[in-house]
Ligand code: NDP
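Listed next as structure tokens is one chain, alone, in the form predicted alone.
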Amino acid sequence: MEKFVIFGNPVAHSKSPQMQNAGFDNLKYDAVYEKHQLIDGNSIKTTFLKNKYQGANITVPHKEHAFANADEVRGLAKKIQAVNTYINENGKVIAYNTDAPGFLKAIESFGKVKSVLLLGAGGTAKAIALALQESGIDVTVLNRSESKLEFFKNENITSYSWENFVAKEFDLVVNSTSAGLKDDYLPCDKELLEKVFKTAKFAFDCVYGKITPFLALAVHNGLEIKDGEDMLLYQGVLAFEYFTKQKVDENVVEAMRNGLKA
């Protein structure tokens, strides 16, 4: 039986095991997927190999550590400098980022989106920002501190800290921070958010399975909202295809969606 895992800290809340295991069951693929709380992100590669995992997903706060420790990084992940998927190829750790295409698939339900305000500057934000940029969608990054914005400036992505941000009109506002995951915090100042929400149409939170304070405030301001469940599903499906080395059909996708809701 092949072993797969999700690395994170915290990781107890993750629904990835029930999603991935539902996919394995549907395919009758001999594998099991579990949670692995990892404290030290720099030990991710040795932990992965020592436990003989065939593949892994990586969640906060280890995506950049996973990038730095991989033997080989493929696709857009090289530019993003953060990965969320590991594959064991004959003892070599191969890394991918499925967050970027997963996010783009998740926001298709909003229809035409021309401009996005992205809150946060971590690994998920990097994936989303570059995915939007590659799709020709105007993206602006807003983060608490200036120090984490260098990556975005180097990629010619408009970026601001809270101190120098000037609000303008955006179609979509995205929270890529962990605010609201385990607390009742907003990702930035309420007054600033409400100013942006006044002209926005949509709000998306990468946190899934709950109405976060960010989404609640968006609803209060009349926006159409979406949590991160579809992003989790679609990035998970892409990772699942790497795990099983095959393209999957809608039956498997639906089984994985049902697994998420179990």
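Heads up: residue numbers just count along the shown sequence, starting at 1. Given the structure is predicted, the values throughout are model-derived calculations rather than measurements.
The following text describes the form predicted in complex with this ligand, which does not appear among the structures shown.
Heavy atoms within 4.5 Å of this ligand in the model of the complex belong, among the stretches 142 to 150, 73 to 81, 110 to 118, 89 to 97, to residues of 142 to 150. The three marked residues, L181, C206 and L232, each reach this ligand in the model of the complex, with a heavy atom inside 4.5 Å.
In the model of the complex, this ligand lies farther than 4.5 Å from every heavy atom of P101. Although the partner is absent here, L186 sits close enough that one of its heavy atoms falls within 4.5 Å of this ligand in the model of the complex. A residue is said to contact a partner when one of its heavy atoms sits within 4.5 Å of a partner heavy atom; S159 fails this definition for this ligand in the model of the complex, lying far away. Among heavy atoms of T85, none comes within 4.5 Å of this ligand in the model of the complex. Of all the residues from 106 to 124, those having a non-hydrogen atom no more than 4.5 Å from this ligand in the model of the complex are G120, A121, G122, G123, T124.
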